[in-house]
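Next up: just one chain, as structure tokens, the form predicted on its own.
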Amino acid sequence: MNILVTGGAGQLGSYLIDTLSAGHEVRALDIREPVIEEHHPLISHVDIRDQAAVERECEWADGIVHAAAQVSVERSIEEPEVDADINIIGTLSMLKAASLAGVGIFVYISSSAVYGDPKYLPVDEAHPRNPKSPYGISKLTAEEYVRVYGESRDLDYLIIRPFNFYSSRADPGSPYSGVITKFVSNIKAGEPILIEGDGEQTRDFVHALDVAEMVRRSVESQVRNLTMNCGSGKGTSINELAEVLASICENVEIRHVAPRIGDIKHSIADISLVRDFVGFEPKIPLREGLISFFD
């Protein structure tokens, strides 16, 4: 299968290229330069909002994995119009191009941010969607466009909602880095880990390579027109995360600072649907994934 990956220079996109290339022809789109040297020949510098350009790129594809996005909650609050332009208009651009090209499968990488504050745990796909940020709103809106576009244009789709994915390929220089990247950056700089609030808030951490593997399994399966969570299925408190990092590294100082306003307290994925339909099981334990940051 010829698979086009959007956001190929990003953290998840880079793993999607590696994982999907094992059995498919892969090309990618991104306006950024890839961090993996071997990916340079595979990436076209195309903005997903450039309709004519993406239509040309999609002519080659049998399948599309749409991972390109504005991913920062903080930036979505500061610049909601930019967030909506990239995440909603960019997705519509890709959907139109996919439909015109007769693409067989459109995989949309959404986010657990669509759920907002959990009403129950673990969070399954039927959980109410009540986003707390413009980012969550844009991802949920794009999901609905994927679903309606798929149904009205006979375009098979899959919507995948990753929880807190991480890896050493995340950009440590970004002010919007996730908590693991921030903690590791502080440790490497000889600075204390800063835990916001009491640290008892939980997150479902899943390695980006596991997310890419789930996408591969989903694309290669017969499953279509379904929404699925992707996570570890386990909750880890921020205190526990800090303790694991402290056990890996020496002389790690841990400090508590003021809590973040509007922070979700607990987040754990129910992954029974993807386990049953696709046979996916995450392989990389959190400690092993954290050790890879220091290799």
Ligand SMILES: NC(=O)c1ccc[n+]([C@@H]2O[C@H](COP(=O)([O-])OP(=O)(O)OC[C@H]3O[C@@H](n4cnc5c(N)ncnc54)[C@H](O)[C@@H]3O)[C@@H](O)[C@H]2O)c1
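Residue indices: 1-based, along the sequence shown. None of these values were measured; they are calculated from a predicted model.
Separately, the form predicted in complex with the ligand exists; it is not shown, and the next lines address it.
Undergrad: So in the model of the complex, are N186, I248 and L290 all sitting within 4.5 Å of the ligand, heavy atoms only?
TA: No, because N186, I248 and L290 lack any heavy atom that approaches the ligand to within 4.5 Å in the model of the complex.
Undergrad: Here the chain is shown alone; which of H39, R49, H256, R27 has a heavy atom within 4.5 Å of the ligand in the model of the complex?
TA: Residue within 4.5 Å of the partner: R49.
Undergrad: Name the single residue among N164, S168, S221, Q201 that comes within 4.5 Å of the ligand in the model of the complex, judging by heavy atoms.
TA: Going through each option in turn, the one that passes is N164.
Undergrad: Tell me the stretch among 68-76, 121-129, 148-156, 98-106 that has any heavy atom within 4.5 angstroms of the ligand in the model of the complex.
TA: So the stretch in question is 68-76.
Undergrad: Verify the contact flag for G10: yes if a non-hydrogen atom of it lies within 4.5 Å of a non-hydrogen atom of the ligand in the model of the complex, no if not.
TA: Looking in the model of the complex, residue contacts with the ligand include G10, since a heavy atom lies within 4.5 Å.
Undergrad: Taking the ligand as it sits in the model of the complex, is A53 near enough to touch it, meaning that at least one heavy atom pair lies within 4.5 angstroms?
TA: Although the ligand is absent here, A53 would stay clear of it in the model of the complex, with no heavy atoms inside 4.5 Å.
Undergrad: Would you classify I86 as touching the ligand in the model of the complex, given a 4.5 Å non-hydrogen atom cut-off?
TA: The answer is yes: I86 has a heavy atom within 4.5 Å of the ligand.
Undergrad: Please check if R32 has a heavy atom lying within 4.5 Å of any heavy atom of the ligand in the model of the complex.
TA: R32: contacts the ligand in the model of the complex.
Undergrad: With the partner left out here, which residues of 93-111 have a non-hydrogen atom within 4.5 Å of the ligand in the model of the complex?
TA: If the 4.5 Å heavy-atom criterion is applied to the ligand in the model of the complex, 93-111 yields I109, S110, S111.
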